[in-house]
Each structure stands twice: as C-alpha cells, then as structure tokens.
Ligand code: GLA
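In structure tokens, one chain follows: the form predicted on its own.
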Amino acid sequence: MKINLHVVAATFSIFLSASFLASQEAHAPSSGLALTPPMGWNSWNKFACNVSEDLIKGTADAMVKSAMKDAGYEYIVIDDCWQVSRDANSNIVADPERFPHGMKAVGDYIHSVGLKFGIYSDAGSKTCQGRPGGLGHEYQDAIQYAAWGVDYLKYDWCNTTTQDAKASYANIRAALDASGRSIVLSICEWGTAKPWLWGKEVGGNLWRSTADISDKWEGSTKWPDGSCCSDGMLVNLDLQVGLASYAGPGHWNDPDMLEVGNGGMTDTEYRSHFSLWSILAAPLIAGNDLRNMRPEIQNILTNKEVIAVDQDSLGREGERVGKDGNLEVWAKQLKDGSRAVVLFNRGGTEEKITAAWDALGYPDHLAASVRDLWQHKDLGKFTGKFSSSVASHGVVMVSVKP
C-alpha cells in the first residue's frame, strides 16, 4: 500500500491545530464562568444615567447588609453613562465628577466587601446614551477593564449600523480572554439576531432574548425618541417559550433584568416575576434601590428556596408545560430528579390550577411530596396531580419530589 506523506502531514497538522484550539479553549480565562445563572444588581432600571461612585459604594454596602449577598447575589454592575470620552491615547475615560477616584477605586471597594465588579459598554461607535462605544477599541478596553478589576461586562448593541452581531461579540470575548482576566460576557443584543443560536459558540455567558423590560405587567412603551420600546414582564416571559434547549451551565437565555421593587407592579406581581425568572433559570439581576427597600421586597429577592430553583446545578431552563387561557403551569427539572413547578394565573380573578404529573414527566401513579416555596411549608404527599387556588396575577410555586 502506498502512503501519501503529504496527506498524512496535512492530517496531522489539522489534528494538532484542533488539539491546540481545544486546549486553548479549555484554559481560556472565560472557561468555567457562570455555571449557574449570574446573580447581582444593575444600576439602569432604577437610576438610568444618574450613576455615581457614592451610589455604587452605597449599593454594595446595602447588598451585604440586606442579606442579598448571603442569598447569592454577587455582581454590582454599573450600566451606561459612567464614561464620558477617550483620552489622547484613546483610553476610555470615566466621568471625573461622578467617579472622582476612578473606576479602579470603585472596583476595589466592591471587591473589599466580598462582591464582584461589573461594567457596561457597547459594540457600536457609541453607547445607547451617546457615550463612547467599544467599536475599534475592543482589545484596548479589555486591557483597561482587567486593570480596573472588572469581573462582568454587559455589552450593548446601539449604533452598530452594518456590523455582524456574532462576529462583534466573538471579537469582544477574544479581547476579554486576551486580557488574562476572567470576565463574564453579557450579550445585550435584544434577541434581534437570535443570539441563542450562536451565543454559546462565541463565548457569551448570557444573552438577551428580548427587548428591554419595563416595570409593568404587560404591554409595550415607546422610548422617548420613538425608536423602539420596552416591554412589560409578560411580553418578555412569552418570548422565552421554545428557547429552553439553548440554555445551560455557562450560557443562559436572559429575558432582561428584574424590576422587583421599582414600584410599577404590585407585590403579588413582583412575586410572580421573581418566581417565573427563577424557573426559567434566568440571570437574577436586581434593579431596585437596595439602600431603601421595603421588607416585603427584600423577602422576595432573598427567598433562598426560590433562588435555589434558579441556581440548580443541572442548569435546565424551565418550560411552560400547560396552558388553559390565562392559567399556566411552568416546570423545571432539578438535579435531584425533583421538579420545581409554578402555577401561574394571568387573569383578573382567583382560579384553581392543576399540575398533572404526566406534564412533569412523572407517571400518574407516583406519590410525591409537595412543598410550597413561598410559604416555606410542606403540603403533604400527592398522587397524579397537585391543585391549588392561585390569586389574580399571582403564583403558587412548589417543589414536587418523588
């Protein structure tokens, strides 16, 4: 048999290249990040452009004192408007009036209380608020962020004109990895280019699957310039249907940040919002004023039994498994084989909702223990199904364990 040495050499070269790339990927700073959905706080939903060093430090302190840190929240993320220009060397410059000690000092303070530091930029020439964007400065900015101690980057999609989304986000991930620091990448592309199809491939740890959320139950609101919109909680929830298979450890669908505590919904609706985001394995990024939080809101945001559903290490996103008009059943498989279940009532009156075992992937004859995760109470053993009355716009959230 005659052996073609050129073919052998080429095949071996390809093998070595593939092995090298796999090795590089396995040892990239981004490997092993966000194995459960990120938890933290972001400034935008409550404060928009009104950010400052004092606000961020005060929020970090409040996250610790309010028991949110103990419940699993770890990132403090400064959204748009912290940056004002680029200097003579094109380095990004923080607002010297609002951040007089600079961003490294802010990051150092956040780290000093045991939390992680997040920041915001944009894949385009300018951010959504017209501040300097990252286009053409990806590697330079990544080095700067690493020097400041940044642990999380939210990367927006304004002013991008003809850019390709997948290539743009692959570029910023490569830049972050080249900086040598482990930095979570939050792709904020609003779902336009279906980032769930490619977000994992380019090294995104979470990707927005919706337009911006607004602090309302349903409907949409036009932005002041009339360009687009922000959507109520139900709009963003419905857009998650069919996306569950794309989420998993290290890469998550993101229906946008939490509005819990910002005043536009009732506490019942906020409890529903938090329960549904948790069963979706969505990132839990609070957006309220942690320094001035009612006990009822704190209790929602720090419910460890509900958070445990979101943070379950199996990394399975929950799905809607039953719908009858305004009455819905959502379920999520957990690592121990049990299910988390949300009975959800969109309607205007209290209604009875039933979760049948076969919809959860269990046989009808199975006996299972049911626990209410908001009342923190065992409800007993049930066979074949579980039913409960559910308040208007409310939820009953339970675990079902054979």
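Note that residue numbering begins at 1 and tracks the sequence as displayed. Just so we're clear, the structure is a prediction, and the values are computed from it rather than from any experiment.
Note that the form predicted in complex with alpha-D-galactopyranose isn't included here; everything after this is about it.
Using a 4.5 angstroms limit between non-hydrogen atoms, residue 117 is distant from alpha-D-galactopyranose in the predicted complex. Put simply, residue 273 is far from alpha-D-galactopyranose in the predicted complex: not one heavy atom of it is within 4.5 Å. With a 4.5 Å cutoff on heavy atoms, residue 129 counts as touching alpha-D-galactopyranose in the predicted complex. The closest non-hydrogen atom of residue 259 lies beyond 4.5 Å of alpha-D-galactopyranose in the predicted complex. Scanning 99, 109, 190, 198 against alpha-D-galactopyranose in the predicted complex with a 4.5 Å heavy atom cut-off leaves one residue, 190.
Residue in contact with alpha-D-galactopyranose in the predicted complex (any heavy atom within 4.5 Å), chosen from 215, 310, 95, 80: 80. The partner is not drawn, yet in the predicted complex one stretch among 135-143, 83-91, 152-160, 317-325 has residues with heavy atoms inside 4.5 Å of alpha-D-galactopyranose: 152-160.
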